[in-house]
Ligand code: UDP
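This document opens with one chain alone, in structure tokens, the form predicted alone.
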């Protein structure tokens, strides 16, 4: 059973990479589906103003804390979430375990050619990995997409469309897909393919990936302003209780 806390009425899973992997692959053995969505302060703040987005996030089986601000918010409200779980790192942990357990993955989304390039890199890194199929995110025929994924007999589906579009697509089509694990992974295919550079490991370990991104992409400053507003709102909600 997934452990969760609630931050501004949005569910957040309190797990580790190891506990998540164990639960996901156990659910696979039991023929149960699992839907993973990444949450960060920006997304929680949007959900606080958007009931449909909040419902979409809370519909998922696992809401991973992809942002150091979520950990800070948990601490402020007396919670116990201390493990940041990023979408791309969880994706790679799932891929590694899939290679070991001979499970099939499908890469759907991103621009033409990106999923294919990501596949080539993943197979190079994990020679035993079974990639059931790849498909870019610019097909208009949803029936064709569903049929292609089902015919591939994939166990795991990674969807790279950007959030919340990827999560909306998963929720709308989950019941028709013969897949066990669904994860929206944003721009992860581009990172795996080498098109986008991640922040250095040291900055990720220190929880300073946001600062690296801000320095590299100064135009992101408006998005970074969300963090203090988010933490203040968490504090305000706690004082009301």
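In this text the structure is predicted, and so the values were computed from the model without any measurement. Numbering follows the first chain given and starts at 1.
The same protein has a further form, the form predicted together with the ligand, not shown here; the description that follows concerns it.
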Contact stretch among 141-149, 107-115, 86-94, 73-81 - heavy atom within 4.5 Å of the ligand in the predicted bound form: 107-115
4.5 angstroms heavy atom contact with the ligand in the predicted bound form for residue 67: no
Residue contact check: residue 160 to the ligand in the predicted bound form, 4.5 Å heavy atom: yes
The ligand contact in the predicted bound form: residue 41, any heavy atom under 4.5 Å: no
Contact label in the predicted bound form: residue 137 to the ligand, heavy atom within 4.5 Å: yes
